[in-house]
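Below you'll find only one chain, the form predicted alone, shown as structure tokens.
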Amino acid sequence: MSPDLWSLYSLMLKSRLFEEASAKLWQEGLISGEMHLGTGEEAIIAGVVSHLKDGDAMALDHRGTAAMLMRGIEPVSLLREFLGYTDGLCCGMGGHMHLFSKEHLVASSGIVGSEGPTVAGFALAAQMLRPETIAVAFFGDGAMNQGMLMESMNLASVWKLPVLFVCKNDGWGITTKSEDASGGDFNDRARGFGIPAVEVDGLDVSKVWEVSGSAIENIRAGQGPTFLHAKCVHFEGHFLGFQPIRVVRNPLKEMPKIAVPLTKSFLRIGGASLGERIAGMKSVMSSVITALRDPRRDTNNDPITRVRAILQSDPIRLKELEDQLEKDINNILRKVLGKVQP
């Protein structure tokens, strides 16, 4: 059986357009606090969520928007929650990170690694109350260094809980490379608990769909948990307004904000030694150079662009779909704000 790329593309593009609209509202100051987008993760989310059925549950991290939309949570309610409205999904108290939907069996949290205990609880309930249903946990590579996630994987293995652990690995923990903060191999960690581990290209929705479908089928059959390791790219970095990315996108505007205070600090009398100042200067410049070489700048790393290239064989259908999705997003904005944002 082959994946329905049109359906998967629709899920992915709607999520991308919704998050881009949310980003614009954040940039205009209408959404407060940090904003963590899942742009770049769409292939992973769509490939997995498209296999879920009624009664299945999801434990999400602080980038839960895409999964919630694809699972069918009302986007108007979701956006009103981001804006802090009392009639939002969680009465305006959850922001975009701490969201819950009892109807959909979905919970998200900004606490790194908390997806582990949450999914274990969902899976135990599924095992006891809803045979052949499963629970899925989505988390980043940073969560793999959190004890509560490791403990949850161990428990899931011992009790053969119906869990799919999905690690969305973008190679970064905020500004730290994962390879500098994580020992060993993530797949080997999972296997150490007796959990089968599968690695997949998180930019290829077809491959994610195929691999996750096979894993979920085994989980529903009572074979216990599976670990899915999918690599991806976060196009906005850890959060919106991520400074290294701002420097890359608009160096003339952003570099003086770094260079001027850094130079003043370097030349200031007293304080750190010359060696320490030089080391600090090198560290800052290294971050900027790394950002210039970052894979986020390569459009080939965009999972939506990859699918679209395949679907361009039917340009009329593609345009109709994209036009309809844009209208859908505009209708959401109109319902929430009373007007369409320019």
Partner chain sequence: MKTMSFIQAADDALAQAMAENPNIIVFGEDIPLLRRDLLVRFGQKRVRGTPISESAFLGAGVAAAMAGLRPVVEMYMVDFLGVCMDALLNHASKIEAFSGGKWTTPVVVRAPCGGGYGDGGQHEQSLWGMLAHIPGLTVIVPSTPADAGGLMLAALKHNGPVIILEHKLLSKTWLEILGSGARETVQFDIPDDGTKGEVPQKWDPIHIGEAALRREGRDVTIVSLGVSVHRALDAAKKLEAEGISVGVLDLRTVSPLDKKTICKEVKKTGRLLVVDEDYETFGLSGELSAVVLEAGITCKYARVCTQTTIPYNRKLEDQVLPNVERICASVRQLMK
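Because the structure is predicted, anything quoted here is derived from the model rather than measured. Residue numbers count along the first chain shown, from 1.
Separately, the form predicted together with its partner chain exists; it is not shown, and the next lines address it.
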{"query": "Residue contact check: residue 309 to its partner chain in the model of the complex, 4.5 Å heavy atom", "finding": "no"}
{"query": "Proximity of residue 122 to its partner chain in the model of the complex, heavy atoms at 4.5 Å", "finding": "yes"}
{"query": "Residue 221, heavy atom within 4.5 angstroms of its partner chain in the model of the complex", "finding": "no"}
{"query": "Residue 216: touches its partner chain in the model of the complex, heavy atom cutoff 4.5 angstroms", "finding": "no"}
{"query": "Segment that reaches its partner chain in the model of the complex - one of 313-321, 271-279, 43-51, 300-308, heavy atoms within 4.5 Å", "finding": "271-279"}
{"query": "Residues of stretch 21-36 in contact with its partner chain in the model of the complex (4.5 Å, non-hydrogen atom)", "finding": "26, 27, 28, 29, 31, 32, 33, 34"}
